[in-house]
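Shown next as structure tokens: one chain only, the form predicted on its own.
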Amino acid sequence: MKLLPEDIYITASCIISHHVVYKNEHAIFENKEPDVTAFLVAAYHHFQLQYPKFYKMDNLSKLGWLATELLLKDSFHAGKYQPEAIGVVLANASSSLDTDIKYYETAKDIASPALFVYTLPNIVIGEICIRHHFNGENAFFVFDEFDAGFMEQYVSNLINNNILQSCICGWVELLDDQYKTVLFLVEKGGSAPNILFTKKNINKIYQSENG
């Protein structure tokens, strides 16, 4: 039996944009470091995260991985679900172009295998799933801009058809030193203070860091 849409909830959110990290629409870290790599490393140290592979990731993967760590922290009980019931659905506008450009520059001399590994946008999903042992449905889409309606429809379909019971979804965009990620933890079932997983609520959270 399919679930009704009102049975799907946003149980946590995380935004990283304009030098600030937000958890559930509240600022929890700020650092005016203009260099994106330095900012992400500063946030990593501030939250006392321990994952040596973080330093080897490209910036897009660092951004998505960090946002996921903070999204799940104190908000998610993975033991409730089988690994295959937890999925990841992400989107952005620039694909892996930030790393593609860096890799192209190294190819003029000696191409960097370490960068080549990250010349696909869905590698960020791989880093998240490896870290948390998620084995569920995953997908990465490239759009001109964030499409809340598509995200609601796609993820709700996965949950309503019992393909997933929980999903990390949202926007992970990074090019040069311009970046924004907005991630949602979506779960089947819930109650206040969780909010319904609807286009309106998705957009409200997405736009919340703009004041």
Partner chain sequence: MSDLKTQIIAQLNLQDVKPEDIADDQPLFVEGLGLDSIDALELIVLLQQQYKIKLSNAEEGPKVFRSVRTMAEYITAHQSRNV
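Positions refer to the first chain, counted from 1. Just so it is clear, the model here is predicted, and its values are computed rather than measured.
The form predicted in complex with its partner chain is left out here; the points below concern that form.
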query: In the predicted complex, P83 touching its partner chain (heavy atom, 4.5 Å); finding: no
query: 4.5 Å heavy atom contact, F143 to its partner chain in the predicted complex; finding: no
query: Contact flag, H26 vs its partner chain in the predicted complex, heavy atom cut 4.5 Å; finding: no
query: Contact flag, V117 vs its partner chain in the predicted complex, heavy atom cut 4.5 Å; finding: yes
query: Interface segment, criterion being heavy atoms within 4.5 Å of its partner chain in the predicted complex, picked from 49 to 57, 176 to 184, 144 to 152, 163 to 171; finding: 49 to 57
query: Sole residue of S75, S112, N122, S94 within 4.5 Å of its partner chain in the predicted complex, by heavy atom; finding: S112
